[in-house]
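Before any questions on how it binds or moves, here is one chain, the form predicted alone, in structure tokens.
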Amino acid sequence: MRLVRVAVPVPALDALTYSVPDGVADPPVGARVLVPLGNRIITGCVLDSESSAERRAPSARGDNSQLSSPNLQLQTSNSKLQTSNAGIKPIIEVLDGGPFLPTDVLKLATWVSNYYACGIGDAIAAAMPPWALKGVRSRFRTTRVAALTVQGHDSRDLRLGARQREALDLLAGSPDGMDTAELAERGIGAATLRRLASLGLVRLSRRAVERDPFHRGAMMSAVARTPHTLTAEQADAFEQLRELVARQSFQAVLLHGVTGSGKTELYLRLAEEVRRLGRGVLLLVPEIALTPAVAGLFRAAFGQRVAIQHSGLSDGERHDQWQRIRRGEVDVVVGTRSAVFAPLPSIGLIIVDEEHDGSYKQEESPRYHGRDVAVVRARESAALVVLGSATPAMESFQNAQSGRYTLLSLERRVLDRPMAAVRIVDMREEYAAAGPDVTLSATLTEALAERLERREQAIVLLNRRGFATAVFCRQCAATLECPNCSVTLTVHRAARRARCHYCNYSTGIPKTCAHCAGPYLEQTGFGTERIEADIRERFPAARVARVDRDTVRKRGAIAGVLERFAEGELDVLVGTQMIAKGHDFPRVTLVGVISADVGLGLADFRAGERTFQLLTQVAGRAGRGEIPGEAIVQTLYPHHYSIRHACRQDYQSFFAEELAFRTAMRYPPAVALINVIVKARTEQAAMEDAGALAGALRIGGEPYRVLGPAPAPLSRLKGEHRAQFFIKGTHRTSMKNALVTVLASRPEIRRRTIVDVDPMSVL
């Protein structure tokens, strides 16, 4: 019996063994197959066969991307094929004649499975485009084409009708044929073409038509790029990077450049160098919102040899772009975190722009971090990886300090433009003077008026959407809460709904209290919708737009707003963190930050880091043109070190103070951390199951500490209760292996357990 191991997209499930039916050739490693699983038929990916399994290398250690992990090995924790024939089901169909996933991508997904302690099927699914798991061989769009045959070219002596002769004349000028729809627009109908085909004069066929995402979206229209003259700092950094590229070996660089220092220009020039060497370039960006602008720049520089990959594309566009990459028709791939698995051959350069951004961390299985996976892929490809940021992640800067990464710094803006001047507004004084409902301070209001009068632009940031954050009753103090999650509902006035931002439950905004029937309901707190409304009320003539998840749900919506803002058709842009990073708007001379401390109250050790990064990034949007910029920061905690250092754009001082806090409290990067959340129907059951796992991990003498369990900060989510515990230590592999072993012994709990290695959030 011929056996194959198959990864199926089922959470926490190891590879499964299937037999190959007689008369069916062994499917190649990396090919997709249809297999039975219970009463379902699903699409899986072949990991190896009986013969290749016998040659497999020992199990790889799942260690951090730049610590001590060995070369990738194509394997999972379930390392042996079954030898008994009992219960082994045959595969149903082989979908691919060759490997669908290249070997290097398959190995990368296997590393993700090992390192992040998730099922191999989850990891393989992350490496595949969504359409690939739907059991189809191809999703190319085709069009019907008519072309002249040899006889058609020599048909002058034939007696033909006027319309038939017109059709032949049109086709004679199109050697590759013409779309029948285009011919129909010119009066050549299907009947005419069928008659010509029956005479052997015309050949009718179907041709694949690529769906090109570059034809739509803001800033996609690529204009000829004129390279800028590099500053002395840029030139020095570029020379060092070019030398590293020339080595064609693994190198990791942290490019720490202040906002507006010209990192993108270095990316473009470096990509050009790599392409000259005949190797590929992968550029990761954190947000879909940033992809059109960056992809447009690279398209302008490198033409058709650029592809994009992100979830904002349609399935068809994503399919065609992925297939172009797989066929080797592109040199540069631009995309969000999932693009780290793009089947780009011979990678020579991987760039992770805004490498600090939390969007690179996937918050569902597999909970991988795109930046760290990028470093692993660069190492296995003998490529240079460049991590760029004005506010590097603590872990990345620590790696640079320890010598694991090479540190390159850009400390000055292009053309020596000054950094934005920052003013801090103490909102305690504003509340004392104007009352607790004030959203725009007098300072910010005056600054907005000045910019509008001078026809300059402004950005106003509040990293919280909605109109009001809570509804409460003044009579009984009850709040309007989500029935599924332990949070209050957020009021969205435009939609006339109160909505949960976790499970999307919504209800109409009530007029009376559900608990006491009192009519004394009040709305408290505020989000971007309220800020937009207040600005419109104070400045009726201002052209204001808002960018948050509520306004950009439709495809292309965010690109459209950003294009209007870039063209000067809007005066004020209000938004969440979507507008805080990566954008270059030369007309913006003012940035206002509402509730700069909104994240500091979260029970998360990264709260200070995220606050510093967000404030630094958004302040960097001001003054990128010829007119100096200003940032006004409203806060209740003007002396908090993250706000103080952000206003001074002083990363080094922030890093030193934050590292002292992390070291004292034993948090990353001082130690490794695994966050474990156990879900159950009741709080008691969740606590008991989490306690059983935590107790089993405390075996005595282990090289780690177990903290907890305790109810998670978000103790109920989507109807499930959650208990949480942490594993802390300096040896991540031992921590992870111990947890995997304990979970394997309690499969009934494992199915309800979230394992987050190197968490970006502990809520």
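The structure presented is a predicted model; accordingly, all values stated were derived computationally and were not measured. Start at 1 with the first residue shown and count on from there.
Below: the form predicted together with adenosine-5'-diphosphate, not depicted.
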* Per-stretch contact check against adenosine-5'-diphosphate in the model of the complex, the hit in 661-669, 646-654, 564-572, 228-236 (non-hydrogen atom, 4.5 angstroms) -> 228-236
* Asked: Taking 4.5 angstroms as the cut-off for heavy atoms, does residue 264 touch adenosine-5'-diphosphate in the model of the complex?
  -> yes
* To do: Look up in the model of the complex whether residue 163 has a non-hydrogen atom within 4.5 angstroms of adenosine-5'-diphosphate, and give yes or no.
  => no
* Asked: Can any non-hydrogen atom of residue 414 be found within 4.5 angstroms of adenosine-5'-diphosphate in the model of the complex?
  -> yes
* Would you check, heavy atoms only and a 4.5 Å threshold, whether residue 259 touches adenosine-5'-diphosphate in the model of the complex? => yes
* **adenosine-5'-diphosphate: the contacting residue among 683, 93, 272, 584 in the model of the complex [heavy atom, 4.5 Å]** => 584
